[in-house]
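Just the one chain here, laid out as structure tokens, in the form predicted alone.
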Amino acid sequence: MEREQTIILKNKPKIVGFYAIAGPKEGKGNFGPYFDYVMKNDHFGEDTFEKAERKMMETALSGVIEKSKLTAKEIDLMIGGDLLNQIISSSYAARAFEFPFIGVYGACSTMAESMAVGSVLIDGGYCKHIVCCTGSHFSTAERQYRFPLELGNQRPPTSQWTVTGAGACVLSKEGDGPHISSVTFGKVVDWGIGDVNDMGAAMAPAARDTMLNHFKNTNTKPEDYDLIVTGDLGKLGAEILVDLMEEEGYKLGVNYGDCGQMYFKYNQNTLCGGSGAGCSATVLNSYILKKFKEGQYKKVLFMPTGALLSTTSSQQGDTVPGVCHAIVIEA
């Protein structure tokens, strides 16, 4: 059923600051030169990977507030999430600051979800400055969703590599920077994929649904954007999405890309590419927004996807539902 899922914003929020921190493997990937900080190792000076993930998000929050030339007291609200149970990395990171906190969960789509919710709040006049932050860590995600790293399990060709990294941005009622002109909230879509190592195939139908609704709601087409970027579909999922959209009469051309597919270099052995909540978050808050600053991009459709499984659902034979939220960023 077709419905209006897109909100056209009247008081378009500005992105006045952005920051990305990533792990050493990520720093050697295709976006390494664009990150604000690359960690020397995945422990980041902590005794557990979970504490390292928390520290990454705290670093991203501090970094983006400083780059925005604001203080923590000027932030009205933090919106964020991660992949760990009870989004513990985000809530523990928020504990280090004094601003109010809304925790959200959209798996790997959380960056767009955070920014979409924040944009609506600013558009409505309820907040002046909102910080959005999302992150993930390869080692924490592996032992929560799959197997302990010590087992050294073989990875199937369809699997992806959870990005170690965190991205943050500050949305503001006024200021300099690109603005968010519309947001499209996605539906949960499930086409029956049950393989937890094939996230791209599970999430591609959700990306198709949101993209179709966005184009129809806004009366736009792929060529109206300098860049259309999904998040974390990886090589296989991105190819599936291209085929699905072509069946609907929309041809995705050279201006389409996927954060997961583009993240790592071929010789880094990540199979279908990157994934994780930190994947699209770090790409957006480094490469994409820097290209806006340089004048290369004028209009981008950013639409990361998320696989909404739990640590037990797949073990009980459930399929993997997907969701995709979209925001339009314009110069």
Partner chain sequence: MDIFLTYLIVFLVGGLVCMIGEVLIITTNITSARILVTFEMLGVLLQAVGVYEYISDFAKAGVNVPIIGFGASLAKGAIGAVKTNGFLGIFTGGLAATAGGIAAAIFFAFIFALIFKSHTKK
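Residue numbers count along the first chain shown, from 1. Note that the structure is predicted; figures quoted are calculated from it, not measured.
Same protein, other form: the form predicted together with the partner chain, not shown, and the subject of what follows.
Shown alone, this chain has one stretch from 150-158, 128-136, 217-225, 252-260 that lies within 4.5 Å of the partner chain in the model of the complex by heavy atoms: 150-158. With a 4.5 Å cutoff on heavy atoms, E294 does not count as touching the partner chain in the model of the complex; it lies far away. Interface membership of H43, defined by any non-hydrogen atom within 4.5 Å of the partner chain in the model of the complex, is confirmed. Taking the partner from elsewhere, K12 is found to have every heavy atom lying beyond 4.5 Å of the partner chain in the model of the complex. By the criterion of a heavy atom within 4.5 Å, Y34 is excluded from the residues contacting the partner chain in the model of the complex.
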